[in-house]
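Read the single chain below, which is given as structure tokens and is the form predicted on its own.
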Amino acid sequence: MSLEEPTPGSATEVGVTEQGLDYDAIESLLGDLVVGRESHVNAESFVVRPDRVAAALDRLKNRAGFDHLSCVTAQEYEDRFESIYHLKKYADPTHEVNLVVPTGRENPHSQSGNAVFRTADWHEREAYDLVGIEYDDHPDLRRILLPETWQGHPLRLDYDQEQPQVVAFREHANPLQQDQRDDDTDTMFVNIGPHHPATHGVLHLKTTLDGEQVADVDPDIGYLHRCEEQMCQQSTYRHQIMPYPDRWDYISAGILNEWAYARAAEDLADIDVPEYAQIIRTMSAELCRIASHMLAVGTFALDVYGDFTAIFMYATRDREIVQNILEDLTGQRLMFNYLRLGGVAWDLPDPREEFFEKTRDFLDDLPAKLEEYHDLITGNEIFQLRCVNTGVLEPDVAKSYGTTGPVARGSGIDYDLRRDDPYGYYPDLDWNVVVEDGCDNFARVLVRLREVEESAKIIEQCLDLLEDWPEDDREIQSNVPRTLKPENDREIYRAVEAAKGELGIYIRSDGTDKPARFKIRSPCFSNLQALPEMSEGEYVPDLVASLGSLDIVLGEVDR
């Protein structure tokens, strides 16, 4: 059931026609705000002055229906800095537009988009941190991935990697010194993390309590930052980038991550993928989704009521079976490196019959196991008391923060890129998008459990197709040049539906065999940004449950 307010009829949204988007009409809507126009591979882009960003975003959101700010990319050219706001619609993500904001090399700054989209808050902080663009009117412009004491901005062309980093004394201040009641108020500061079992990795939650209730939460990230984007910019398209995506969400979602890069690079370089390889990609991606959701559910039960026995071990047991199947297919257990631009690395393992039988056995056992999960988790009274009506995230707030995946679908937002921006073999298969209307921690668990059922349906259909596929037509890769050099100055943003939400990649090519700019849109990054909205007024155990319900992995948040 969708909780979304009825969207304005397409006919009322500026630029919508039966044939698609009329970008001339959108340019007329922006009027004198536009100073130029560019064509990116995914959408038309309008160049606006740095002091008119909010006005342009407001018109695109409220009059043209672009209510989803997917990502903000910052980059540096020889003569300027640039911010790109990638906009879509939750109702139809194939409707895309980009807002390009150039600014000078001296003292680069432009207006913040935070007043229109809350998503812009963290994305602009990251742009300031790594590239050095300042955003006027930003409510809290400070570093987000690196310490405040860091010297320079690592993605700048003139960044000196040998420069010593001086850590000021205040960085060593005892973080516990404020763990006491304020003399003037009844609040108390509490550190949760960065090393804590409930934070799902190295995450520091600066929490202010009013009595026993959460008055404010400030997620402090960056402890795991590895500058994956810069490493991709130093690697070749064809062979060297593909191993990195496995390491963003290193839990179980490797092939989903690989597909995000493959989709962007293949569309950038006009590479086709054989139909047979698309089916293998679809099957293996859904196996990864099941493995990821199993771990999410098991660790969530651990967060909520410390269940380290039955549920956690059951989920780990079932995840292991999926990992075994993926290991048979890819030769690896976590870092698969299985997709190739234009297809997959190799065909199904021999003997094929054994692989089919093993996978079908897993699918046959799944319904009974899911029933068991529901008995243990969603049917458990304690679990219900802890999760129903806690961590509430209303649909309009979820949209403003750019949340996606089970977090958005648990808030009644009917948005899934597998159906709404089709790729792979999904359009030819019979399956449903799962949406729940609770908006709370309970609804997000229900979405994941029901999505496991839908993934099983997809895998079963893929197995039927692969079994019957003629041996002579089993083409696993298209013909891709040994050295891939996309045309100079092509730009693209493409995304897939990963286990945790929209995983997008922006690439700008410069005619060489390496990207000039590589930007990762992590679903966990945007989902985590909504945590304060979900937690304020709740109790600390509910804060822990809300964080667990987001199913973040810090490797993907920090990148």
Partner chain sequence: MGEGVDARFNSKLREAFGSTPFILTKFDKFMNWVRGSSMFMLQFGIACCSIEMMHTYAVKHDLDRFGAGVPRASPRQADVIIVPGTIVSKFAPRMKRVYDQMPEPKFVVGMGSCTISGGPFQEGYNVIKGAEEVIPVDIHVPGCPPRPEALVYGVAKLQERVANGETSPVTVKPYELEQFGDLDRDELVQHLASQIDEEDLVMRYNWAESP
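Keep in mind that this is a model prediction, so the values were computed, not measured. Numbering follows the first chain given and starts at 1.
Beyond the structure shown, there is the form predicted together with the partner chain, which is absent from this document and is the topic of what follows.
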Stretch in contact, per heavy atom within 4.5 angstroms of the partner chain in the predicted complex, of 418-426, 268-276, 357-365, 244-252: 244-252
4.5 angstroms heavy atom contact with the partner chain in the predicted complex for residue 80: no
In the predicted complex, residue 145 touching the partner chain (heavy atom, 4.5 Å): yes
Contact test in the predicted complex: residue 220 vs the partner chain, heavy atoms, 4.5 Å: yes
Partner contact for residue 167 in the predicted complex: the partner chain, 4.5 angstroms, heavy atom: yes
Heavy atom within 4.5 Å of the partner chain in the predicted complex - residue from 485, 333, 457, 374: 333
Of 346, 150, 305, 469, the one that lies within 4.5 Å of the partner chain in the predicted complex (heavy atoms): 150
Residues within stretch 314-330 having a non-hydrogen atom within 4.5 Å of the partner chain in the predicted complex: 316, 317, 319, 320, 323, 324, 327
